[in-house]
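Shown below, as structure tokens, is a lone chain in the form predicted alone; questions about how it binds or moves come after it.
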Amino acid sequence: MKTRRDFIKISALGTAGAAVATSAFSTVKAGSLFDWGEKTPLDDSEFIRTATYCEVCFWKCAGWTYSTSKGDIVKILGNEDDPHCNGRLCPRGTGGVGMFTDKDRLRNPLIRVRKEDGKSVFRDASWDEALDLIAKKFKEIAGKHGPESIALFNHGSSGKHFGHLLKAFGSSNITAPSYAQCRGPREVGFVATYGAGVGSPEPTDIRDTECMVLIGSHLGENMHNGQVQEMSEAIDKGATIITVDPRYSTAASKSKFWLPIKPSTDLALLLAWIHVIIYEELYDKEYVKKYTYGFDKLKKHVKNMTPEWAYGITTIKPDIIRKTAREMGDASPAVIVHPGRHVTWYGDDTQRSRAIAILNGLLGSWGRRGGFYLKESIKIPKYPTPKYPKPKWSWKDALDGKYPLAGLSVANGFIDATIPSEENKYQLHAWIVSGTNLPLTMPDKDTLNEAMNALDFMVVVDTMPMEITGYADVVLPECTYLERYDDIRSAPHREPNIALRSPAVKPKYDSKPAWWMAKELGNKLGLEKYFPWNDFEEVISYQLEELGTSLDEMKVIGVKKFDREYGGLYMGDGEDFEFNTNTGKIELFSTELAALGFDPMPKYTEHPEPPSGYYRLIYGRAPMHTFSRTANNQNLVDLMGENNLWVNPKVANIWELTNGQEVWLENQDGAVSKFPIKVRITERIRWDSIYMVHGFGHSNRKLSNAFGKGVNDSELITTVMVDPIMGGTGMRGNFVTFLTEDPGKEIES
């Protein structure tokens, strides 16, 4: 049965969309990147060097784009003054050129039309026509339901521009999956403990640490550039690395201890470590006495949570639990129990992050050299515009009291708020989706599809024909980060600093920067006063002059550092330091959680086990890819073209699997992968789990490098365990089995 928002099958558009095949999605044979005629440049001095910061991942390393006078981008190198990268980009950063050269890029605006047979197709449109249609629909929806019924899903720099537009229109319903589908629980857990979140980059003083504990945190594979460099430094200095992971990761291979924990039992291990640290008096006594609240309650709470108790749960032997706890105690306070990044696992993730925060508090690492430094950032001046109108309701109202400690908006809450129901008093009717491929990002695809089908209108902004574009009413082609200005980067670090992103070349095809789209759409919505500039360069120039520098200077240096305003990197010995909690202390016993009816101290709860013949689905990252956004980038595809399936030899023997064999996966709810995945038999994964890299298995044929390569883990995540404290979607409670024959599943595009 067809829905009114069926995925448009781009590979068979029909008459109305025939022009698309030769324009917006056309495949052209690119000439040689180095085809400059008689003279070939021999060194960097013959290229044009432009300041930028990377958009391939969230680390946003500053660098230099090298281009030719003909408009070809040749390479990207790191900026040596940038504390995010120290002049060295990761594979993703250097591979960013592939975003610019990608032959499958979106080229011009597209509008969905429905043919007489009821099928939808895209047709080419001019920018005026596309923006006129969006403005008309937004005005209609706002007139009928209020501007608050329009929401923004975003990831990356472009979202700031559309967020400004939406707030000017009267809606504050703006969300990013990077919160409730990734790092949100750790922020809430650390705020409940220290009164401060972790943020990005994490203020981990890895270069000076003597002991670092990684719990499901894949430094070296998730490529947090600066942290990977510092970890290498720390290892060279003799630091102890302890890695807790059911998989022998790259980080585990560099570790003194690898603890191949039974999945879903991490909280039991953390509580056992806390038990040992307290009862063997390995904690920082002076620090705990001066800066913490609830120590005696915590001591009583973990009394029976011994290593022997944890052994029966985690499969980690008691002597290993004690040895690793003593390694931490011996290194205190120069120790880091890393807070991780993607922490939405089992639905009790805020409490697991609380346990990590508590452990760091006992070891005295917060605000100490080799632990967590005190970060600082530069506040970017706001360009003068009128005050935003006050919305009549927001995403918090739509949650109706659920997830009381959600510090940012919850993307899955937006999806729920889009589906009509008696309980839904605040319904969303239109979405802007910018830079986030929701079908490969959000779990529970059936609910996502239900929400998209309930929409009156959806606009998708992207550089590529990602799966989400197929569900749009209007598709707007964004130019890449190498072709545009964006907001000044100001990220908290050891020393405050800013970085400039500026266009190295003009936008390819008929693509545009997000700031231009937002301004033009704002003008058509009657919001001209919120966009008083002609070009975003005016905004950046104003802000830089307010900061005591200039656009001319930043174009030359790329990164500018400032002196710290708020003291040193670390808490002074014996210094009074007040934390932003109810007690002014590090709360080992959380008064805020207690007041809301949640456990004030973490408790271990048992999670579902795989059914017979099924294995826990674990997914992760690779250093050359970011989410699903890079799977078509030729430069990065050359490094890794598809994911494979890590299977323990014992399991492979039971199923008679061989290396390189293709299998399909079926989960506990009957969801089957669209494409097969190649088996990799390895001792580096526990027998009760399988592992794959996230971001593959694209189903849009117009992604010519990515289509059908590997498996999309998101389509197998149908069971979601929601964190009641902040709404994070725990996604590691899904189990899969193997299908060795093609199930004949129809591919939607």
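In this text the structure is predicted, and so the values were computed from the model without any measurement. Quick note: we count residues from 1 along the sequence shown, nothing fancier.
This protein has a second form, the form predicted in complex with a small molecule, left out of what is shown; the following refers to that one.
**Q** Of 298 to 306, 654 to 662, 550 to 558, 440 to 448, which is the one stretch near the small molecule in the predicted complex, taking non-hydrogen atoms within 4.5 angstroms as near?
**A** Looking at the partner contacts, the answer comes out as 440 to 448.
**Q** Within 4.5 Å of the small molecule in the predicted complex - does that hold for a heavy atom of every one of 415, 456 and 718?
**A** No: no residue has a heavy atom within 4.5 Å of the partner.
**Q** Which residue, 470, 364, 370, 435, is the contact with the small molecule in the predicted complex, using a 4.5 Å heavy atom cutoff?
**A** Looking at the other structure, the residue within range turns out to be 435.
**Q** Which residue, 244, 398, 499, 355, has a heavy atom that falls within 4.5 Å of the small molecule in the predicted complex?
**A** Spelling it out, the residue with a heavy atom inside the cut-off is 244.
**Q** Taking the small molecule as it sits in the predicted complex, is residue 461 near enough to touch it, meaning that at least one heavy atom pair lies within 4.5 angstroms?
**A** Residue-level check for residue 461: yes, a contact with the small molecule.
**Q** Would you check, heavy atoms only and a 4.5 Å threshold, whether residue 348 touches the small molecule in the predicted complex?
**A** Residue 348 lies outside the contact set for the small molecule.
**Q** Please determine whether residue 181 contacts the small molecule in the predicted complex, using a 4.5 Å cut-off between heavy atoms.
**A** Yes, residue 181 is a contact residue.
**Q** Residue 264 versus the small molecule, in the predicted complex: is there a non-hydrogen atom within 4.5 Å?
**A** Contact check for residue 264: yes, within 4.5 Å of the small molecule in the predicted complex.
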